[in-house]
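The chain that follows stands alone, in the form predicted alone, written as C-alpha cells.
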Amino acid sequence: MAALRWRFDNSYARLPEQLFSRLNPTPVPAPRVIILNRRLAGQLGLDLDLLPEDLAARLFSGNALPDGAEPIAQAYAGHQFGNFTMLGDGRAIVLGEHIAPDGGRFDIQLKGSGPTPYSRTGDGRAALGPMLREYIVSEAMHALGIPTTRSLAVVATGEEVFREAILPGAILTRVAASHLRVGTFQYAAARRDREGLQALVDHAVARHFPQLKEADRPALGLLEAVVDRQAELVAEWMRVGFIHGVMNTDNMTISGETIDYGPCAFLDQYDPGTVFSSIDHGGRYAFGNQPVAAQWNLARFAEALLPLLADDRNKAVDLAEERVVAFEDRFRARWLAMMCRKLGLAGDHPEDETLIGDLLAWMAKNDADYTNTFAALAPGAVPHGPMFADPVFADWHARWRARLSDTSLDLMRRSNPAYIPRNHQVEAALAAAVEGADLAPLHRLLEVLAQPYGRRQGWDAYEAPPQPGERVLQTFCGT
C-alpha cells in the first residue's frame, strides 16, 4: 500500500482512550470496486493508477490496512429528534488522518466496515444503494461550493445486509476535515469527563481554529466560531434547496462540513414545510426549519462546553446564551446576503428583503420549481411559460429589473445552479446500479453534477423537474 503515498499522522488516536475504541474493520468475503474518485484522490496526493483493482478493493473494504493507519471507532452522543442517546461509530472506523500535499489534514473513514463496541443491536454494515447515494450527493455538494465530507470510493462487499429487504452490502470511504461533532462533546459532558472535554476543545482548536490557541477562553472562542460556521453552512443549504433530513446533534460537525447524507433530498416545488425523510414524522427538520434546528443543536453544544466557559456557572450560562442567540442575526445576515446574490441585488437597499419575500411567496403559491425559477431569472429576460404570465409576477419582475446593475447577471449565474441532484434522477441512477448492475446512468449523473453552474447543450433532461409519476415522496436513512 506504500505506492499510494499515504501520509498518516493520527492526532485523534493520541487523545484520552475513553473517547474511542481501537479495532480493525471486519473482513468481507468478496470485495469489488464499484467506483473510485480519482479527482479527489489526486487532491489528496494519492495515485490510484499505481494500485491494481484487486488491491484497491482490499484497501477500501478494510481487508487490507494502509501503512500508518491506526483504526479507531469514535465515541459520541447525540440528540436524535430531540432525544438524548449515547452513541458512537456503530458501523464506521476511522483509519487515520492523512496529510495532503497542501498540508490539509483529512480523516479517512470506512463506513459499513463492521460492528464496533458502539453498534448496539446493529450489524455494522451498509447497503450499496445508500453508500452510492452519499457518493453522488456529497460530490454534488462539493461541486456546488458547499462545505461537505466527500467520498473516495465505494466497494461492494460480496455480503448481503438485511433491512426491509435483502440488499447487497457495500463500504464507502468517506473523507472529512474531521469527524468531530456536537455529539462528541456531549459524550464527554454526559460522562462528566472534564479531562476528555478539555482534550476535545484543544484538539478542535488545533485542527480547525488555530487562531484561538492563545485566547483566554478557547472553549468560548470555539463556540463562537462553530456558531458562525453553522450559520454560513445552513444559509448555503438554503441557497440550493438542500434538505438534510436528519439534523441530529451527532450530525452537526465542528468543522462546518455537511455530514451524513442518509435521507437527504432537494426541493422541487418551493415549500418551506417540505419534508422527505421517512423518519421525520413531525417536520422537525423541514426545509424552512433547518435554521431553527441548527440553533437548537448549537444550544446543546454550548451546554456541553459550560464547564470550560467560565469558572462561575451563572457567568458560563450567560456567555453561552449570548453566543447561541447571536446565531439568529448571523444566519439572517448570511441568508439575506445569499438571497441577494441569487437575485443579483448588489449593494444594500431597504427594499431588497421585500423583493425576496414577495418572490418566495409567489413561488410557494404557484408551486414553482425552486432551482429552475432562479435559473430562469439569471439571463435577465422575462422567463417563458404560463406561470410567468401571472400579473403578480410581472409586477415583481418590473420592480426587480429596476434594481439590477451591470454585475447582477454574473452574480446570479455564480449563485444559481442549473443542475442539482434531483431526487428522481438520483433514485433512477441508484436503481440502475443496484438492481441492474448498470453504472452508466450513475456516471452520467456525476458528470453533470460536477459542473452545476451554467446550462449545457444536451443536458436538458437533468434540469427537468419530475413528472407526476417520477416524484420521490420519501427518502430513507438506509441504516
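As the structure is a prediction and not an experimental result, all values here were calculated from the model. Note that residue numbering follows the sequence shown and begins at 1.
Not pictured, yet referred to below: the form predicted together with adenosine monophosphate.
For the options D268, D260, D107, E236, the residue carrying a heavy atom within 4.5 angstroms of adenosine monophosphate in the model of the complex is D260.
Contact annotation: of the candidates P291, G124, G221, G129, the single residue with a non-hydrogen atom within 4.5 angstroms of adenosine monophosphate in the model of the complex is G124. Shown alone here, N251 lies within 4.5 Å of adenosine monophosphate in the model of the complex, counting heavy atoms only. Residue contact check for H397: none of its heavy atoms lie within 4.5 Å of adenosine monophosphate in the model of the complex. Contact check for Y76: a non-hydrogen atom falls within 4.5 Å of adenosine monophosphate in the model of the complex.
Adenosine monophosphate is not shown here, and in the model of the complex it never comes within 4.5 Å of any heavy atom of Q198. No residue of the trio G344, T371 and R403 has any heavy atom within 4.5 Å of adenosine monophosphate in the model of the complex.
With adenosine monophosphate omitted here, the record of contacts in the model of the complex names 90 to 98 of 362 to 370, 90 to 98, 327 to 335, 307 to 315, defined by a heavy atom within 4.5 Å.
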